[in-house]
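One chain comes next, on its own, written out as structure tokens in the form predicted alone.
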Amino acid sequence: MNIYDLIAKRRSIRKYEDRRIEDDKLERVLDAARLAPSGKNVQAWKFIVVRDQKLKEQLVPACKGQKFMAQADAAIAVAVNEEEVYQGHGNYMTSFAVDGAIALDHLTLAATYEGLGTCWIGAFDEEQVREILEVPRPYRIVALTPLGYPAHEGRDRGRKSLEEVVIYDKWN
């Protein structure tokens, strides 16, 4: 499968099989996240892999009741050290959210390649997740994803056309 087919194939998966991810697959997926670019190559992230069922069940209410977080073999939280990251991103913000998002995107694409499913979770209460997973400050939770074998294909939610989203040269 080429990269363009892989990108087109990725779907948000909200139902998972009761099946363990092989250790070598999990390691490859995590390594893809590790290899992501970050502002000034700081790599100020940690990937928290949650396989303990009780912890995954605690994450469900912290993730606005998304029950599939506990259904997948693993839940992964991306935490980024807000003080360690590049501080001058765009000359107005730190790069913590961008760095974490790029790493999670690498993870979701690698998971798709490995036949695994993910679902980008942005609906969560950071303080609840921080407490459940005992994440220290100055780390910030950027996003989470379940990771496991999909019990369905996921649906194509459509995308805007290139003409709707691309501007060449100047905004006009």
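Being a predicted model, the structure only gives us computed values, none of them experimental. Start at 1 with the first residue shown and count on from there.
Not pictured, yet referred to below: the form predicted together with a small molecule.
J.: Within 4.5 Å, heavy atoms only: does G65 come near the small molecule in the predicted bound form?
T.: Flag for G65 set to no.
J.: Closest heavy atom of R10 to the small molecule in the predicted bound form, within 4.5 Å or not?
T.: Contact check for R10: yes, within 4.5 Å of the small molecule in the predicted bound form.
J.: Consider W120 of the chain shown here, and say whether it contacts the small molecule in the predicted bound form, taking contact as heavy atoms within 4.5 Å.
T.: W120 belongs to the contact set for the small molecule.
J.: So in the predicted bound form, does K160 come within 4.5 Å of the small molecule, heavy atom to heavy atom?
T.: K160 lies outside the contact set for the small molecule.
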